[in-house]
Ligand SMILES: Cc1cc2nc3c(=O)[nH]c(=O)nc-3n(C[C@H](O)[C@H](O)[C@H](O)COP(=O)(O)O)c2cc1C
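First, one chain by itself: the form predicted alone, in structure tokens.
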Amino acid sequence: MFVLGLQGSPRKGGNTDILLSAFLEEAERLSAVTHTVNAAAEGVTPCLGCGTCEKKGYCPIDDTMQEIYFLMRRADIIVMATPIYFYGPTAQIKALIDRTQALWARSSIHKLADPGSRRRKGILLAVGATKGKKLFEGTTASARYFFHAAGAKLSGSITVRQVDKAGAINSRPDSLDEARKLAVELVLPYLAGKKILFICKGNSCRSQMAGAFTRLYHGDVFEVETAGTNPESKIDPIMEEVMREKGIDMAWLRPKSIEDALASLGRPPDMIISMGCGDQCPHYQGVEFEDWRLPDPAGKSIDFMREIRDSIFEKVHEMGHW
């Protein structure tokens, strides 16, 4: 499983950073894969209000936010961490929040379902210097709508008052322990689920469709990874188009190797399903293996891609009984 931390403080090594690190380190101890985006260092361009995402479904600003979209779509848990500035999040994390308008537009205007949204959770960590009663209300509201746009549900928060000087949160071990405890509560259920690895040759068509269908319809039961024996450089645009016809969003997906997919899972899968990669498909002792023997649609007509898509959908539907 993958946990993404979004660090909104411009102060490196500050209290928000320490609190987020406590959460992520505990998640790593449990074998989750983690990654931190430092919003202040990324230089995300603020939303320009151009309306392109609402009209065409993508953000035209070519900056590091394009990589962050990919990480957000990959994540099982997104942790937004920010100090409180004037009763709200920092400008750095707010720029990132505003740019998720592109994700909101894809789901709410273009009616495309994010396959990972069935299992993705959002967590808010916030630290404020004062003891104001409504200190965290504005940030909590922003976080709730941010996570909704990101295809996640706000599933927990830790808010800490009267912490200002750098490192002061270290004198509040109860808050750090709370972050570690929350990480355990959230991560363990993911790790207990069954893990499935779909494999095809290029990881650009068949395994990506199988992974998306499984996440969308069985994401509360299975953790899914996909891989290719010889991964392509990008996903097939015709595959993306035929999945869009079914209302499924394949944006920001990237082909990966079997080694990378296994690393993401954190442990061997419970099942490997081959789309038809033949002798190149790996077999592991104690891991169930199934071969769906589907022909490769890459380079063929869009109608053929649709046939393969529909065949995969039927097979994934049957997996609900596995």
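For every residue, the number given is its place in the sequence shown, counted from 1. All figures in this text were calculated on a predicted structure; none of them were measured in a lab.
Although not depicted, the form predicted in complex with the named molecule is the subject of the following passage.
You can rule out all but one of 207 to 215, 226 to 234, 186 to 194, 86 to 94: in the predicted complex, only 86 to 94 has residues with a heavy atom within 4.5 Å of the named molecule. Across the proposed site, Arg11, Thr16 and Gly128 without exception bring a heavy atom within 4.5 Å of the named molecule in the predicted complex. Think of it this way: in the predicted complex, the named molecule has a heavy atom of just one of Leu71, Leu154, Leu176, Leu135 within 4.5 Å, and the residue is Leu135. The partner is absent here, but in the predicted complex a heavy atom of Val163, alone among Met239, Ala150, Val163, Ile123, sits within 4.5 Å of the named molecule.
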